[in-house]
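In structure tokens, the next block holds one chain alone, the form predicted alone.
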Amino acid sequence: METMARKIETFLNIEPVAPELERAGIKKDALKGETAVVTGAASNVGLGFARAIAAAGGNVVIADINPKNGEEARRVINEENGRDAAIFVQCDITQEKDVKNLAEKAYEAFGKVDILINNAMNMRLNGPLLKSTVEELDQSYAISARGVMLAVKEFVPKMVERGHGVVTYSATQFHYCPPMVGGTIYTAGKAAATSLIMSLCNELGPAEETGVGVFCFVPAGVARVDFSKFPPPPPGAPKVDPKKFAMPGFPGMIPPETSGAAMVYCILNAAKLHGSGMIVYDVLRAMNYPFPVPETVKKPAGRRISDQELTMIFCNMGPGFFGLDG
């Protein structure tokens, strides 16, 4: 693990991921033999998922529309792990021919796909309703809802045939709520895709019977952002307090590497989480993650639902971790 923890020279905005798995008590071979397809995996949250899965012993298919970042993500993951753990497939998730090519390349490289993480989204599709075009809304739905459906139809039937698989969606929130990141157009697409995933869960039935676990993962507040580099707000605009973007236990936003470790933990517990929506910091509590600022961590029992959680309330479905534990 020491060699895996060294920092790789790259233009990607990353930090070592192996220490995050160690802090969470996840073994480096926890996903050995498993293959994951991660859409939007060449940067940010998706890259954190892909790197953590590979560090836990799994294979990763990086699906992304950006060839420069995608090839670099592949190189970094393989160098970090000292093996051919990852391939990159350039893919526009809205195009059926691209998704079919993605599946073909994945099966050709690894023989099977056990895990599907639907994560791709265009953050530029993030405007308010009254100032956005219908075409922008169409694009948001195309990436989120259409893209998720195409990927699910391409990969899930074979999971059901084999009686083994995990399907998840990287959801965020379901309506615009300042100072959250997602604007109206962005969150509309997210809501549609989350509905598809939760409906898929019910269509498939109990994970104990099918062997396929389906859940939503909410990486709200996950990013590596240096607020000091943000341009000053225009005259008269309200000043944004960076602390409003912080998550419980973190002085700033949750690093993608930490979110990746949380995703691995959810994958390992997919059958238990079937039909649930898990917000990242609830996952971190469930896995006893050693938060940097323990005194700020909210307890799961008897706490008031925050305004942030209210924007994601429809993803708080199913028992999750704490519901099962009483």
Ligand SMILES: NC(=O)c1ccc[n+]([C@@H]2O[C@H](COP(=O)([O-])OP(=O)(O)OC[C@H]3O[C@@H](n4cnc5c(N)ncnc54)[C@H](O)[C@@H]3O)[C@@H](O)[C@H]2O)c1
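Just so we're clear, the structure is a prediction, and the values are computed from it rather than from any experiment. Residue positions are given as counts along the sequence shown, with the first one as 1.
As for the form predicted in complex with the ligand, it is not shown, yet the points below apply to it.
Chemist: Would A171 count as touching the ligand in the predicted bound form under a 4.5 Å heavy atom rule?
Modeler: A171: yes, in contact with the ligand in the predicted bound form.
Chemist: Using a 4.5 Å heavy atom cut-off, state whether G189 contacts the ligand in the predicted bound form.
Modeler: No.
Chemist: Are any of the heavy atoms in A271 no more than 4.5 Å from a heavy atom of the ligand in the predicted bound form?
Modeler: Result no; A271 lies far from the ligand in the predicted bound form.
Chemist: Against the ligand in the predicted bound form, would N122 count as a contact residue? Criterion: heavy atoms within 4.5 Å.
Modeler: N122: contacts the ligand in the predicted bound form.
Chemist: Considering non-hydrogen atoms and a 4.5 Å limit, which listed residue (A145, V113, V76, V222) is close to the ligand in the predicted bound form?
Modeler: Of the candidates A145, V113, V76, V222, V222 is the one lying within 4.5 Å of the ligand in the predicted bound form.
Chemist: State the residue from I93, A103, V166, I185 whose non-hydrogen atoms include one within 4.5 Å of the ligand in the predicted bound form.
Modeler: By the 4.5 Å criterion, the partner-contacting residue is I93.
Chemist: Go through 261 to 269, 282 to 290, 52 to 60, 35 to 43 and give me the stretch that gets within 4.5 Å of the ligand in the predicted bound form, heavy atoms only.
Modeler: Careful reading of the contacts points to 35 to 43.
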